[in-house]
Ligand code: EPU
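One chain comes next, on its own, written out as structure tokens in the form predicted on its own.
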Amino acid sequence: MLPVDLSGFSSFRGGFAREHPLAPLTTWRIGGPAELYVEPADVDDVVVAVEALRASGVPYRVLGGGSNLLISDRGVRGAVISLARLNRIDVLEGVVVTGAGALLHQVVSRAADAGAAGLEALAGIPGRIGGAIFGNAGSRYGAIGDVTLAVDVLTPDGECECLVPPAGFFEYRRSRIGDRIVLAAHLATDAGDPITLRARQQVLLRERLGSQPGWVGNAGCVFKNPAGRSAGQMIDDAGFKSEREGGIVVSPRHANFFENAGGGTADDVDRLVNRVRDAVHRAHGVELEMEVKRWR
């Protein structure tokens, strides 16, 4: 049991639990429990929780929407902080200000309904804003870093700051957030027509659903696309579409998605990842890089 000094949580208003299941909180539905699960009620609670955990010497990780993540079957040591309750969305003139726990698809929909244009490229992408910022989530039409004006963060020193991303801060499927915790994002928008924006959003959603599996049962793209090439096409060319390892299957719809067909484990994913990497390297001479983050 973790040696957490609970006196540090005396002003904490959120919830926490020991040995909390994490698999239901991921889109892959895979993973063991968190030794300690912490769900702050608001930003002040995040500060309290982080200070209490540091004082107890307990390592912690931050959980977003659970997409783009593979958690060990044995669970994770230390604490997992979920920012799900930091989900406020404010659509203002020229900017959407949204908490790190807001679901990305809800932010896109709220903006479209309010006539705030500029976020349509993010339609259909799963996860929460904090994780989207951390990994610069996007599609072939653009990434969240393209519209990010500022990010409210909690620094390793326990200070809340508003960070204006400099040039080069966002890269392909990554950012330079580092060990800062995303608390909120300020996203740039332009004036638009709600009917037109909703129609565009639906077009992109249909396009995404027509070529990829749904959100639940997979973690999104497993590998990053090599420069100028498609990881999914390379996997398909290597003859691995519909290949299986235990309960995990290379999606017959899009080979860069691995689906949990039922009872899949993190170890199944690891074995399939290694097989696919080897096959693509033999066929194309390319070493695929994981896009999915791994918690061990």
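All residue numbers refer to positions in the sequence shown, first residue = 1. Please read all numbers here as calculations on a predicted model, not as lab measurements.
Note that the form predicted in complex with this ligand isn't included here; everything after this is about it.
A.B. asks: Would all three of R140, Y172 and G220 be in contact with this ligand in the predicted bound form, where contact means some heavy atom lies within 4.5 Å?
C.D. replies: Heavy-atom distance to this ligand in the predicted bound form: all three under 4.5 Å.
A.B. asks: K241 near this ligand in the predicted bound form, any heavy atom under 4.5 Å?
C.D. replies: Although this ligand is absent here, K241 would touch it in the predicted bound form, with heavy atoms inside 4.5 Å.
A.B. asks: Does this ligand come within 4.5 Å of any heavy atom of T148 in the predicted bound form?
C.D. replies: Result no; T148 lies far from this ligand in the predicted bound form.
A.B. asks: In the predicted bound form, does H254 come within 4.5 Å of this ligand, counting heavy atoms only?
C.D. replies: Yes, H254 is a contact residue.
A.B. asks: Find out whether any non-hydrogen atom of D236 is located within 4.5 angstroms of this ligand in the predicted bound form, and reply yes or no.
C.D. replies: D236: contacts this ligand in the predicted bound form.
A.B. asks: Residues in which of 194-202, 131-139, 148-156, 107-115 have heavy atoms within 4.5 Å of this ligand in the predicted bound form?
C.D. replies: This holds for exactly one stretch, 131-139.
A.B. asks: Which one of R88, R74, R208, R77 is close to this ligand in the predicted bound form, taking close to mean a heavy atom within 4.5 Å?
C.D. replies: That would be R208.
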